[in-house]
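The chain below stands alone and is given in structure tokens; this is the form predicted alone.
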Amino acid sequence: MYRPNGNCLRRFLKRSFCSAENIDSKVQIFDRHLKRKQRDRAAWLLNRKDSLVNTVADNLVDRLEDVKKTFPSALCLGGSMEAIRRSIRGRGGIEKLIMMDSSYDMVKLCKDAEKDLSSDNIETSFMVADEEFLPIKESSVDLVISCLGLHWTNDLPGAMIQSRLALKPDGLFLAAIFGGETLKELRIACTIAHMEREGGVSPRVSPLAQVRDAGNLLTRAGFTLPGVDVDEYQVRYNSALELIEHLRAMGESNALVNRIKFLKRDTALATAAVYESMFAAEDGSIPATFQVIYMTGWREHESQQKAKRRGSATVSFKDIQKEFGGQTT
């Protein structure tokens, strides 16, 4: 598995592949280097029986069964790609699969696990690369799928544009990202604890897309037939510490550029106390909400349904009202 130099990669992508033109985005919300290290750590902590991750991966791959089309070549981007690989199980008619992540250890984990999945006859290759700079040729794959990874990109619309460009005409884009209601209990507890102990608020939970933004993101990226739906999952933990450990195992720790790097012990204890006092159930467990936004979009093709040209209607609403307006049921 080859890991290219960052500057060389950027120049190469601009010449040959499907990266967006403004590849060197000035807006840096997340520390991508830190996120890669967090995912390296998550590769060692990963729990293959994680019910949240497995459920989201299954629900995302299930969408392949909603269409008659098959997808011989596919690209799986970061996030919970190991769970996606296990969930495919012959669905979607996938014959060749590229699994890509910015974390070398995560890619190695998936490669080592491939021997347990050899029976499904999918030709699988592995690549260490950043979702923000896709080293994939234009119009080269039939499916791009990303499960719980794209919400850590600094330029989400740009990453989605690159995904569209990587698709062949009539190719499918499937993605699941955490939505703005995710960890709302932890956000509230952190805010109260910081106000009480430090007299102000500092970012401890990353900003996430809202449901109302998802459709606009798909349209802005140039996808046709966009579709968005939302699920909320509530996971119960024995303590706030167990929640934090689960986030680390998923690679979902704080990676904000402007984060405060050290959390005071008093503030951490206050956060746990506030969390338990406000949200604990009768059995002592604490809930954590995970909102997942599922996005579906297609690369344009002449065979797809298209809206009629404005003004081309042959029947007016006034005529419809005259014919049916007086009827009652």
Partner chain sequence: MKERTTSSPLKRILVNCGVQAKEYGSCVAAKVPQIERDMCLKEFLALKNCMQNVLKGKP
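All of these numbers come straight from a predicted model, not from anything done at the bench. Numbering follows the first chain given and starts at 1.
Not pictured, yet referred to below: the form predicted together with its partner chain.
This chain is displayed alone, yet in the predicted bound form one of 213, 231, 114, 198 has a heavy atom within 4.5 Å of its partner chain; that residue is 198. Screening 85-93, 174-182, 188-196, 160-168 for residues having heavy atoms within 4.5 Å of its partner chain in the predicted bound form returns a single hit, 188-196. Its partner chain is not shown here, but in the predicted bound form it comes within 4.5 Å of a heavy atom of residue 277.
Among residues of the shown chain, residue 301 is not one whose heavy atoms approach its partner chain to within 4.5 Å in the predicted bound form.
For the chain shown alone, residue 268 is a contact residue for its partner chain in the predicted bound form, at least one non-hydrogen atom being within 4.5 angstroms. Under a 4.5 angstroms non-hydrogen atom cutoff, its partner chain in the predicted bound form lacks residue 257 among its neighbouring residues.
No residue of the trio 31, 34 and 42 has any heavy atom within 4.5 Å of its partner chain in the predicted bound form. In the predicted bound form, its partner chain lies within 4.5 angstroms of a heavy atom of only one residue of 205-244, namely 241.
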